[in-house]
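Below you'll find only one chain, the form predicted on its own, shown as structure tokens.
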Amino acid sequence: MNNFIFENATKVYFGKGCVKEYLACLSAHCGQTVMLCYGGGSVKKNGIYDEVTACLKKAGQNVIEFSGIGPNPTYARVLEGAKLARENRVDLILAVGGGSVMDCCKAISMAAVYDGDLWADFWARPGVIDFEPLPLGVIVTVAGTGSEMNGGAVITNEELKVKTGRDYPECNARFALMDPTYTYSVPKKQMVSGGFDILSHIMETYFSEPDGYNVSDDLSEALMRGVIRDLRASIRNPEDYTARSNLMWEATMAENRIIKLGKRMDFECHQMEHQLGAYTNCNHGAGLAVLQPVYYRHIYRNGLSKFQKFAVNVWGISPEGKTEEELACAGVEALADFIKEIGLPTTLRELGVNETTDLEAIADSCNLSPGSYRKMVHEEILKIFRECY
């Protein structure tokens, strides 16, 4: 394994009823004014908003609301939230939602106290945080990004048509409240998309050096098998507590940095999907589902041994009677079949891409990952996009 330093500052409170049990006390320790942030309003329909605000009222908090954070959170919304936080002297930002809400709030926690150009200094390029962001707490309502236990935030600059993710440990939430029953009301399409995002995060870490036996890969294989099992079970019964609680923790384990330790990591497919999203605003998990099998068909020969392990250890495919290449291919095709099975799209056309979409411009805007088995060039990325069309 490669050298690493590990730290994770987020304290997790997991399980049924955890919000009622802990939120009032946790928020009271952070100050008097809470900025409650959420998305399009589904939390008001499913009862989560009422439960959260009741806890904050119990703690005697002054609550400022910032709602309407949509998928693919924008830099403009970050600046709006930061302005509101400054004007109201907010002590704690409380993000209630999925990855988009959490990511937006991490960036807000920085922008609210930073005097410079946040995008230029921290998203256009990696920066060094020499100040203390506003304290952040999160309440997870969608299993997917794993944003609850890292400092990562993916933000879209609409003016520049750039979607970029950065991970700053200083932006880790102080606490994360994770009640699996909060995910029950998530629409099937969103649940499946989030579930595939979990699988994608693990694959992006797994399909990279080192290729010898290592703890991170062992954990990743177990997590991938779990996501496949639990996603199938959640589709059959959306209120299967065991499956939904497993999915929720699998999402966290995929992105709390543990399986990344000692790994080089790929994430080229995420770079491609991010730019696709920046230009088309497509759903993140659905975009990954379209791109990932095609991308792997391009690179599997460069990571043959790992793709063979993927076929055998994750999908249970027998190596008997197969060449090394046939076995590796079988694993990729099992992934493609699973995507169809769970009802995710398999073409860019299904995501709304059409003849007017400038795929060449999108391909040229993609960052090139140094950690992939074969470093992409923009011409090959364009070829992948066209094969996906």
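Numbering starts at 1 and runs along the sequence shown. Since we're looking at a predicted model, the values are computed, not measured.
Just so it is clear, the following notes concern the form predicted in complex with a small molecule, a form of the same protein that is not shown.
Trainee: Quick check on Lys306: any heavy atom within 4.5 Å of the small molecule in the model of the complex?
Mentor: Looking in the model of the complex, residue contacts with the small molecule do not include Lys306, since no heavy atom lies within 4.5 Å.
Trainee: Is Thr145 near the small molecule? Define near as a heavy atom within 4.5 Å, in the model of the complex.
Mentor: Flag for Thr145 set to yes.
Trainee: Are any of the heavy atoms in Gly343 no more than 4.5 Å from a heavy atom of the small molecule in the model of the complex?
Mentor: Looking in the model of the complex, residue contacts with the small molecule do not include Gly343, since no heavy atom lies within 4.5 Å.
Trainee: Does the 4.5 Å heavy atom contact test between Pro73 and the small molecule in the model of the complex come out positive?
Mentor: Yes.
Trainee: Since exactly one of Asn88, Thr280, Asn313, Gln190 fits, which has a heavy atom within 4.5 Å of the small molecule in the model of the complex?
Mentor: Here the answer is residue option Gln190.
Trainee: Select from the listed residues Asn157, Asn302, Asn214, Ser185 the one whose heavy atoms reach within 4.5 Å of the small molecule in the model of the complex.
Mentor: If I apply the 4.5 Å criterion carefully, the residue I get is Ser185.
Trainee: In the model of the complex, which of the stretches 126 to 134, 224 to 232, 168 to 176, 97 to 105 has residues with heavy atoms within 4.5 Å of the small molecule?
Mentor: This holds for exactly one stretch, 97 to 105.
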